[in-house]
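The chain below stands alone, shown as structure tokens; this is the form predicted on its own.
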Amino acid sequence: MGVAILAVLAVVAVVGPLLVRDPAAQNIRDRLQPPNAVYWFGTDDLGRDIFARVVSGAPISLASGLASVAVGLGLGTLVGTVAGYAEGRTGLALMAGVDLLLALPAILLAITVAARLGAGLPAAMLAAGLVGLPAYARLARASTLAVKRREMVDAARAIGASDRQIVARHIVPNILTPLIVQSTIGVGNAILLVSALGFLGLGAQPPTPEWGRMLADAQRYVTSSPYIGIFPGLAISLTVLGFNLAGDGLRDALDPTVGR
């Protein structure tokens, strides 16, 4: 079910923007129109087609979630692998930094980073990536500690393989499975966080049709024209649900202990 949802979203993200109206086009005469045959999701306070904006926002939100996970996964895997393989003072120092990030509330850390870098979608994606870094780092460290004690690592070291070769050829390939599962679930969380930053005005800026930004614009009309916020909210919910279901299914498929 998760893969089916994501497949539909992928098609919408690739093909949808080519088929809908200009998401930034304004028609003041048609402002605040409820859903109808012409405007399927209605129009906002500037007369923009909400359906076109939701569809055009799909590639933006999906790309922001994937980019955020790429940042967190890349940095977290690097930190966790080095900390787990080196252990000692190096490992403790690296994980102390990770624990420091964990000590801060995720949304507060994201707001601080995004505000420091300046409002915009790239800053929001980087902030979401840094928030997700501790989860990947801790998982990579735990997996590395388990893999480095296997016989294959001792054999590689006995025939003269360097630490870099051991990490690249034996450690990293054997810790990727849990990291891939975690990253699949993490995309949904990243999309939520980027949308939250957009809602707070620290993410995508107008007139970019980003779902979180659309929710921020809709809050003034939550009682009189609730459909302005309902549809981008549903888009966020379905996307996060799709990634969470896909991540759970992937974990069950790749976990050798399931069913035992």
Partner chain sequence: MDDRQATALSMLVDDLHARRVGRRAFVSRAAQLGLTVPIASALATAAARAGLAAPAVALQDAGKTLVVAIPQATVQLDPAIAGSNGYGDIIPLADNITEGLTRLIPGTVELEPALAESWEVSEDGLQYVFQIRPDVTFHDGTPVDAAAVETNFLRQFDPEHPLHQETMVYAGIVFADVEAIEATGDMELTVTMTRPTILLPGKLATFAAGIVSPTALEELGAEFGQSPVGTGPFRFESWTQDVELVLTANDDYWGGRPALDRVVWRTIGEDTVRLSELQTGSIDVANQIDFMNAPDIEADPNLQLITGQFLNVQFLAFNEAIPPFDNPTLRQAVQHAINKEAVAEVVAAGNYTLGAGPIAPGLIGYDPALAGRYPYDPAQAQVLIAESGLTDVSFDLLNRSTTFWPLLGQLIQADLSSVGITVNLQSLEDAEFFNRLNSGEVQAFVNDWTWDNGDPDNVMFSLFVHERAMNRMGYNNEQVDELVLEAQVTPDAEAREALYAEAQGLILDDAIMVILGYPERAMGARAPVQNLVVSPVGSVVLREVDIEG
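As the structure is a prediction and not an experimental result, all values here were calculated from the model. Numbering follows the first chain given and starts at 1.
Omitted from view is the form predicted in complex with the partner chain, to which the following refers.
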* Contact flag, Tyr221 vs the partner chain in the predicted complex, heavy atom cut 4.5 Å -> yes
* Any of the heavy atoms of Leu66 lying within 4.5 Å of the partner chain in the predicted complex? -> no
* To do: Find out whether any non-hydrogen atom of Val38 is located within 4.5 angstroms of the partner chain in the predicted complex, and reply yes or no.
  => no
* To do: Flag Gln33 as yes or no: does it have a non-hydrogen atom within 4.5 angstroms of any non-hydrogen atom of the partner chain in the predicted complex?
  => no
* Structure fact -> Which of 57-65, 187-195, 231-239, 38-46 lies within 4.5 Å of the partner chain in the predicted complex, heavy atoms considered? The stretch 38-46
* Can you name the residues of 201-220 that have a non-hydrogen atom within 4.5 angstroms of the partner chain in the predicted complex? -> Gln205, Pro206, Pro207, Arg213, Asp217, Gln219, Arg220
